[in-house]
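One chain follows as structure tokens, the form predicted on its own.
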């Protein structure tokens, strides 16, 4: 018999209705009760090895301690949390004490400080004085090959271990939650990480002679609960509590992965995955994150439209407008008012195979909106007919940078105006180049490859204050 979608259970002596096809961590969360946990992640297989999510559940022998992540909900079950059970509170506290007894006290220099689950759990379920004897000290662990002694003669585990081109490992911080191992095995499908040795000697490592190197390897830093795995591109750049967040959509691929843009003082420091079970779950590719690496470099800040207006006014022949894949629905609608032009859209870049994680493989992010507007997304046809046109206007379509050979045929069009974010080859191959906001700075709508309508929320960067969106510029050119 199929389990009902909603069931009634008793939590801390109160009846509540919860989802009936999940575990206790998710069920309690649905009624506003947070359960401290470390190894559990909703988008990974359950391992149940940290023992932090203890609750009491009724059984044949009465109320017994169990872990919430591995316990499925059943109708009529009785659950006790730390709010009503001293036994649960003490069990959670004991687990935290065990985890912290040999954990380094380097929060002031840890990139995870401010978003560390161990810190949050300590405040929620721990907050006890240390019983560690100063004569014994902390016994740091890790790969024996990386051990050392500090200036005080204290034995240390592996610090700043370079395990790949993008990731640094701090073995002392690792609590062996196995999240990173499970991600690489079950999501990335490339088991490059593993737990080696046993007991107190257990440590995360790559296979002998191998490196952690995968198009999604930065995801391990997102899910690491304690800052053992850190991203070289963000390491020591900014404290997370000094950052503001904007929820938006990645326009580097037509899946439209949901993202957070973390910024401060007009500078974008990182892009993080924003969980959406229908799109990218909790994952984000390295390619999407790398968009910010040069976002503040070589920007085109020219917003003088007078020369462009003059060229459009003097043009007697045919006009072609190419709208790039990152144009929003609003950009497309604004340019479609140019009824004297013929429209093309997209990119010369080929469509790749979807990776099944967070990329569709189609680099034309808003292809659905372009096609909905009746725009031809086959740029090959424009290349063949280039000789027919007198003026080419490219909008967020950096064709000479993406595929210079294919874009070369467009040089046959004598007049060219580029609306682009960067002073790049597309700008240099045009008579007039006008700066526009990057999609990270833009507001608007996209429809992803699954047909879902999604909204972009612009990040207020220092450059966005100096240039307009493509839609605004379209209105001025047309007006």
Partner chain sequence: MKWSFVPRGSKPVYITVNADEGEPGTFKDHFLMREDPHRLIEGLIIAGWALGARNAYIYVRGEFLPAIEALTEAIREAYKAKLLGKNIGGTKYSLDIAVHRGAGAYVCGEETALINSLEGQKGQPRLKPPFPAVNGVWNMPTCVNNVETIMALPWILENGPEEYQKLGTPKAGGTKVFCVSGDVKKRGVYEARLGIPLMELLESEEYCGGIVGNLKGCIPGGSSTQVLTAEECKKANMDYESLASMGTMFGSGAIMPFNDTHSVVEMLNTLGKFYSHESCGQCTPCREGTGYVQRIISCIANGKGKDGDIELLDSLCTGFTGTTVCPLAAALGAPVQSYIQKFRSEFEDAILKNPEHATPRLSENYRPQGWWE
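What you see is a predicted model; the values in this text were computed from it and never measured. Numbering follows the first chain given and starts at 1.
Not pictured, yet referred to below: the form predicted in complex with its partner chain.
Contact flag, residue 321 vs its partner chain in the predicted complex, heavy atom cut 4.5 Å
Outside the cut-off, so no.
Decide whether residue 51 counts as a contact residue for its partner chain in the predicted complex under a heavy atom distance cut-off of 4.5 Å.
Contact check for residue 51: yes, within 4.5 Å of its partner chain in the predicted complex.
Determine whether any heavy atom of residue 301 comes within 4.5 Å of a heavy atom of its partner chain in the predicted complex, and answer yes or no.
Residue 301: no contact with its partner chain in the predicted complex.
Heavy atom to heavy atom, is residue 295 within 4.5 Å of its partner chain in the predicted complex?
Residue 295: no contact with its partner chain in the predicted complex.
Sort through 378, 310, 130, 148 and report the residue having a heavy atom within 4.5 Å of its partner chain in the predicted complex.
Going through each option in turn, the one that passes is 130.
Among the candidate residues 275, 264, 136, 83, which is the single one with a non-hydrogen atom no more than 4.5 Å from its partner chain in the predicted complex?
Selected option: 136.
Pick from 312 to 320, 195 to 203, 398 to 406, 359 to 367: which stretch has non-hydrogen atoms within 4.5 Å of its partner chain in the predicted complex?
Comparing against its partner chain in the predicted complex, the contact stretch is 195 to 203.
Does any residue in 98 to 120 get within 4.5 Å of its partner chain in the predicted complex, counting heavy atoms only, and if so which ones?
Those in contact are 98, 99, 101, 102.
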